[in-house]
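Below you will find one chain, with nothing else, as structure tokens; this is the form predicted on its own, and questions on how it binds or moves follow later.
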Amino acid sequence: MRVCRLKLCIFHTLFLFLGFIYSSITNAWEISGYVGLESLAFIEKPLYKEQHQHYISGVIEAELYHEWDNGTQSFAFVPYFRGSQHDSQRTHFDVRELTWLKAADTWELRLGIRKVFWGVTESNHLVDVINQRDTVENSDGEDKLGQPMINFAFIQDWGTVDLFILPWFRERTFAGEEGRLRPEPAVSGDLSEYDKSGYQRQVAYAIRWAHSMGDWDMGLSHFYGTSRDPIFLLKGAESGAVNLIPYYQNINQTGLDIQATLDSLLLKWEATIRVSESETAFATTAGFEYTFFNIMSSGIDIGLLSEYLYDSRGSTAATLMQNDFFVGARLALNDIQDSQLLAGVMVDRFSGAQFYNIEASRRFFDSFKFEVEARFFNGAIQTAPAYFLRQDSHFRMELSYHF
């Protein structure tokens, strides 16, 4: 009987101790994130025998956040994992963020891994050069890999100057042999090459000045280091096979982004000049967004978008957008479920090829979110860079639980 009481006492003490530890952690840290299940379904049959018509994957992302010293210091950790059916290259783990921040009145210092976004346009983000794209996540290019960095921000009335030291280059992710939205042959990411021996892990540097003056927001930036956008080389192997190899160049890129907010009208412009070992290129995206607010007192907003995209490299550019027009519409119901819809089409000015995009999302039951995306590719001619997408029109659906 005494032994049973002793065991019960030990168990009770251990339970209280674990409860104290859990309470201390949850009180000191903010924990959030989501888990989701995705269905990726293609309309046409695959071009290549290794591919499939339907893919299922699961995803989990968590964020642990803690601040102290009267809010002047904080720490954030955001791990990310996706497990994918069929395509082993899409199954991957990444640290999206692992950052310590120290803030003062006129400066901020961030150390660790972060995602940084620059830019104002909807259809293309020319000036956004800090993070590498995680293209196996989504074909829209919005998902980014975490980038190790040292970031010092100098904050003054005349603007904020951000200085970046980026000590580690990250290669782009690509779909594997069984994946969709890939060329033939599939990209051999493990055979990547660089324009300077040993520079695949070089330190990159960036600086950006950003300021708001009345209705105008602007940013001026410069980046020196390995380009996040590779070009692709076809090379034969000893086996007789042909490999498609990413080739990363060292670049200097100067970028400018400007947005004017004139009541319901947004004017947007991004432009870059990029100098590499092989060429000097100019690219720009410019357009507007006009929003009709609270239509007929319903609370619904509708925005109309139009942009023009140009790249001086033409068909040799490492992008599918060299001379294109984009038109679209954004719908926001402004309801408690945060229901949203974005639809648009990109049209190649010369070939007439079209890229249709529809994105919709809605929350329900407080913690759940349902997203639907539809992308259709039509009219790409055989000599166009987008020809490999001709049978890759697809629907993407994801149901996620947020905690």
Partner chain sequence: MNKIILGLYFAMLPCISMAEISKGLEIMQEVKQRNSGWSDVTADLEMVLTNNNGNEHRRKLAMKILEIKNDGDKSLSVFNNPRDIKGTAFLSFTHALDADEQWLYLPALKRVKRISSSNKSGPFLGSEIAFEDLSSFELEKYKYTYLRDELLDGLDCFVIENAPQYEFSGYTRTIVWVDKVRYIPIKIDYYDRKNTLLKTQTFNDYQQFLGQYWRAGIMTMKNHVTGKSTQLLLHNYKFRNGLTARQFDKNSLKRSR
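Owing to the predicted nature of the structure, the values given are computational and were not obtained by experimental measurement. Numbering follows the first chain given and starts at 1.
The same protein has a further form, the form predicted in complex with its partner chain, not shown here; the description that follows concerns it.
Chemist: Counting non-hydrogen atoms within 4.5 angstroms of its partner chain in the predicted bound form, say which of 278, 239, 212, 88 makes the cut.
Modeler: Checked against the cut-off, the match is 212.
Chemist: Of 254, 160, 132, 323, which residue is found within 4.5 angstroms of its partner chain in the predicted bound form when only non-hydrogen atoms are counted?
Modeler: After the contact test, the surviving option is 160.
Chemist: All three of 53, 188 and 243 touching its partner chain in the predicted bound form at 4.5 Å, heavy atom to heavy atom?
Modeler: Looking in the predicted bound form, the three residues 53, 188 and 243 all stay beyond 4.5 Å of its partner chain (heavy atoms).
Chemist: Using 4.5 Å between non-hydrogen atoms, is residue 301 touching its partner chain in the predicted bound form?
Modeler: Contact check for residue 301: yes, within 4.5 Å of its partner chain in the predicted bound form.
Chemist: Report whether the minimum heavy atom distance between residue 117 and its partner chain in the predicted bound form is within 4.5 Å.
Modeler: Residue 117: yes, in contact with its partner chain in the predicted bound form.
Chemist: Consider residue 110 of the chain shown here, and say whether it contacts its partner chain in the predicted bound form, taking contact as heavy atoms within 4.5 Å.
Modeler: Answer yes; at least one heavy atom of residue 110 falls within 4.5 Å of its partner chain in the predicted bound form.
Chemist: Does at least one non-hydrogen atom of residue 402 fall within 4.5 angstroms of its partner chain in the predicted bound form?
Modeler: Answer yes; at least one heavy atom of residue 402 falls within 4.5 Å of its partner chain in the predicted bound form.
Chemist: Quick check for you: of 231-239, 246-254, 214-222, 278-286, which stretch puts a non-hydrogen atom within 4.5 Å of its partner chain in the predicted bound form?
Modeler: This holds for exactly one stretch, 214-222.
Chemist: Check each residue of 55-91 against its partner chain in the predicted bound form and list those with a heavy atom within 4.5 Å, in sequence order.
Modeler: Residues within 4.5 Å: 63, 65, 67, 71.
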